[in-house]
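First, one chain by itself: the form predicted on its own, in structure tokens.
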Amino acid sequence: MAVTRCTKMAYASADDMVFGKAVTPVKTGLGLEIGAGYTTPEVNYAPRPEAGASKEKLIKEYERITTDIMARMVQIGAPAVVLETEHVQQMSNHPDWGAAVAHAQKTIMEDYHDEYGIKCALRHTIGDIRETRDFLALRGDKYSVFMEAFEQCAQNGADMLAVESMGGKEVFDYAILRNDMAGVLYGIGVLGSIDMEMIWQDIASVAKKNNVIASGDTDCAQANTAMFIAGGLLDKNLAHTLAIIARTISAARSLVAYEAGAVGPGKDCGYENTIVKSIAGVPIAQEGKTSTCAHSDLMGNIVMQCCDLWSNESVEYHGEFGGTTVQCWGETLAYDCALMNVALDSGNEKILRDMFVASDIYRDAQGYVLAYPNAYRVGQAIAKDGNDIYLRAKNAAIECINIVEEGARGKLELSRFEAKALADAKAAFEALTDDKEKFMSDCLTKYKQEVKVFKPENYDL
């Protein structure tokens, strides 16, 4: 598969973006369309640790999870559902385990679809197993097992293939702890993009061969790490202004999947997805207020603004008063989607979208930048130099800084700690070269010396 860079926006204006509608909807699974005028819940879950003891136990656990979700959706009259199975390491390290789980899940889903007409689809997110105990090993022996996991899931019932890829993480982890913005840009924007270009061409050809959907990637390994370290309004481990800069850079990286053949839906934990959707026009999954089972965030409503799938991030399978966890969280997601869908049906979607935004936009710099009018501006900054993975990521960061500065002159409150971090970051980005080759060679020299676990051969450098 060839890589086709995105150099223009999918939408003529930010106001054209809304939940439940994408420029290029995706048909998948059993009667489901994503981004075609309605939103659908995507339930995400993890087996209990003891279920991973054997292949048989794991299959049984996923059968219970799948039956529970499908039964509850039918019980409450939900018209559609997506199940996302994020592989535990055994399922990707032993591709036949993942394949057996996919087959077992799909069989149950087909039964419910045939009996009750519920539209549904199965997404499998392969674990990025390309590491040894000490190093990322993005090329080499693990790569063939990694690809085999995609292949076998595609052959055995998975409708959509996804991954949360790790490229660049070794440099990013080092840089983010030192407020080193060049390192964050290099780790996410350059190394992450280089790695994704390789894997997504391969994933897309596996999907094509097996007539399934190559869906998308997310910068969970880096931008979400920054968001989690940044924490809430009392936390000062990492400035939220730096976390949102990392997030906007990650949009330039997550975009690569779609340039290399993926078609969406983007994955739930990619908070950068509104930016990506503005450029690529693909449907996206998002998570926010209904993923508090997995983590807290400062933009729980705002991220619903343009979602096509609405997800709970992940929840461990066990009992609650109201049923099992997947039933409780699945039901909540389904009711959220029912509200969005009635807004779409009655022509009120832009009002509801703008309410989602208004409820969070001034809570924190991260939500402020991801509000769709601002996310669209970041998208434009990326598309402007879409052919240069370095420049477009740098543009995203600089536009992000401009947006936060504008916000701070209005209703967005920044503490002294946040304002200083922003000013320092601005100085760092303004000092960077516009020459990709110079930046790449300077960074290669610097991080090869400073980061013991950085292996340039992972990126063919």
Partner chain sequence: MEVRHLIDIDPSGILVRYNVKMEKEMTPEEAAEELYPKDSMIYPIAKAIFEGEEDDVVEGLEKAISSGKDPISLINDALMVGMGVVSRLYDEGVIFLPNVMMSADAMLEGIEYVKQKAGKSPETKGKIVCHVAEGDVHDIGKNIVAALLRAAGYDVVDLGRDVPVDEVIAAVEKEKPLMLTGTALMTTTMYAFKEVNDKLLEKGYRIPFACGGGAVNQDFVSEYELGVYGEEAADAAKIADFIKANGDNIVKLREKFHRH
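Numbering follows the first chain given and starts at 1. Here the structure is a predicted model, which means the values were calculated and not measured.
Keep in mind that the form predicted together with the partner chain is not shown, yet the notes after this line are about it.
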Tell me whether Lys21, Trp97 and Asn395, taken together, all sit within 4.5 Å of the partner chain in the predicted complex, counting heavy atoms only.
no
Residue (of Ala239, Val256, Val81, Val303) lying close to the partner chain in the predicted complex, criterion heavy atoms within 4.5 Å
Ala239
Only one of Glu148, Asp388, Glu316, Glu110 has a non-hydrogen atom within 4.5 angstroms of the partner chain in the predicted complex; which is it?
Glu316
Segment that reaches the partner chain in the predicted complex - one of 267-275, 379-387, 100-108, 226-234, heavy atoms within 4.5 Å
226-234
Answer with yes or no whether Asp68 is in contact with the partner chain in the predicted complex, where contact means some heavy atom within 4.5 Å.
no
Does Glu197 reach the partner chain in the predicted complex, with heavy atoms at most 4.5 Å apart?
no
Does the 4.5 Å heavy atom contact test between Leu32 and the partner chain in the predicted complex come out positive?
no
Taking the shortest heavy atom distance, is Thr125 within 4.5 Å of the partner chain in the predicted complex?
no
Taking the partner chain in the predicted complex, which residues along 325-360 bring a heavy atom to within 4.5 Å of it?
Ile351, Arg353, Asp354, Met355, Val357, Ala358, Ser359, Asp360
